[in-house]
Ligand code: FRU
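Just one chain follows, in the form predicted on its own, and it is written as structure tokens.
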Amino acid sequence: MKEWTREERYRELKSPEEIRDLHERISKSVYRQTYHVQPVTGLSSDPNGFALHKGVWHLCYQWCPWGAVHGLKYWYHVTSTDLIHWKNEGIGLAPDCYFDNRGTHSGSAISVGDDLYFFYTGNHRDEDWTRTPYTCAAVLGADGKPHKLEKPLFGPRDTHSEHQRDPKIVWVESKRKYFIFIGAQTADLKGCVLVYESAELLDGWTFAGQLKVPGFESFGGMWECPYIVNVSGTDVLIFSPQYIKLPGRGNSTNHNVYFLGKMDYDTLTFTPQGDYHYLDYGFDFYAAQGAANVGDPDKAILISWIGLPDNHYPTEEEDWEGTMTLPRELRVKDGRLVQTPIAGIESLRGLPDNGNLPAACELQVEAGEGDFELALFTKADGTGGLRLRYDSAKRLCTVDRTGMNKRFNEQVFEVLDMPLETPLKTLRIFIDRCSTEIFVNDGEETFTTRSYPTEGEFHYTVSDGAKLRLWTMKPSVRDDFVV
């Protein structure tokens, strides 16, 4: 694996021609996705700036153009009219100002009137590499590109550590104010959220306080990508706690969790209804971002990075890495979030397939009664593969990827459990060349993983008595070289 110097990782992209050959080379990879958003070159990580504006969905992702490495981050911009078919638009935000000289880091967007506003973290570093995070803004111009404000909205709080980032902008009608939630870390290295408020989007921001979540004052060392949304009258708090090991998550110290509860904007207190829940039980799911301007009080729309900080993946050898999940519709049911694939994804189905496992496909499975096993990406004799086993007595699914030829992140986890509230009845599974997303019991739980099958691993087996339907999936992502 290539060892990157700081100079190589933080090199400024001055011309698309510098990476054209890289795009042409990686476009030939057997692992390039067909219906998931992926990097045009290099590395993609957190989704950013997700909002509906004048009938068009805008989405950006953290992008390092040079290779599968975390370095100088840009926002890369894609658009869609249906959350299914995606078009590359080129660079959305570039690190070209004093206040973001070492990266345009994660953030959000909101559509108000005729304008689409973007909020992001400007990652400034001095010559001695001391970090100063600024909260910055941009406005979508007539040319379809975000244009930055000349100055940041505000700087960091010196009462907290340098880790202050990922602004999430929300409008709270009852307060007639905008609020920005910032993922942060206290001076004694505990994860938290900082809250700012203003009656105007681009001016007048003041520090309102630190979000209180009773009972979770010492829950990890950093809370990345905070997101609060109201669904059917219930407030939902989603974030990614770091620097903590959680039950059933192997050696990982990066997670994505949610609470259901009640948000009080007068006291800046989110009161959970109970314990935290995992947003997804899979090996590779992080930095989930909720869309703004969904327009339906009974659902939210979410997208996530299929990957984890600090982990490594096989396509790094090809100088690219990263992909987004399918957009998901979130609803509240019986005290839990239910996540389902974006409506209309069925339009990508090709002809039913009863042969081997296609590289891009959808499966629907009715599990039947009792114990159950499904093995994907097996060899011709049914051995190996990615195996999902269900223990009906324990209501426990176990996903095991140790049987695949390409193994990775073995020291973190290769086998994980997914407990179910109700008996296993159905699975809906989306496979796309290097990712697998599993929706259990109409979205009661989900499991997302990277998967890199090799030649000879495109077979599957399923328990006797189960019913399985399979469709190929048509492409919906334009992998054009647009920078």
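For every residue, the number given is its place in the sequence shown, counted from 1. Predicted model, so just to flag it, every value in this text is computed and none were measured.
Separately, the form predicted together with this ligand exists; it is not shown, and the next lines address it.
*Please run the contact check for S108 against this ligand in the predicted complex: heavy atoms, 4.5 angstroms, yes or no?*
It does not: once this ligand is placed as it appears in the predicted complex, S108 has no heavy atom within 4.5 Å of it.
*asked:* Is E224 part of the interface with this ligand in the predicted complex - any heavy atom within 4.5 Å?
replied: Answer yes; at least one heavy atom of E224 falls within 4.5 Å of this ligand in the predicted complex.
*asked:* Considering non-hydrogen atoms and a 4.5 Å limit, does this ligand approach Q33 in the predicted complex?
replied: No, Q33 sits far enough from this ligand in the predicted complex that none of its heavy atoms falls within 4.5 Å.
*Check whether D46 has any heavy atom within 4.5 Å of a heavy atom of this ligand in the predicted complex, and answer yes or no.*
Judged by the heavy-atom cut-off of 4.5 Å, D46 is in contact with this ligand in the predicted complex.
*Have a look at H77, K73, R328, R401 for me and say which one sits with a heavy atom within 4.5 Å of this ligand in the predicted complex.*
Of H77, K73, R328, R401, the residue with a heavy atom within 4.5 Å of this ligand in the predicted complex is K73.
*Quick one: from Q62, T446, T41, T436, grab the residue that has a heavy atom within 4.5 Å of this ligand in the predicted complex.*
Contact with this ligand in the predicted complex is made by Q62 alone.
_Location of this ligand contact in the predicted complex, chosen stretch of 227-235, 158-166, 374-382, 132-140 [non-hydrogen atom, 4.5 Å]_ = After filtering at 4.5 Å, what remains is 158-166.
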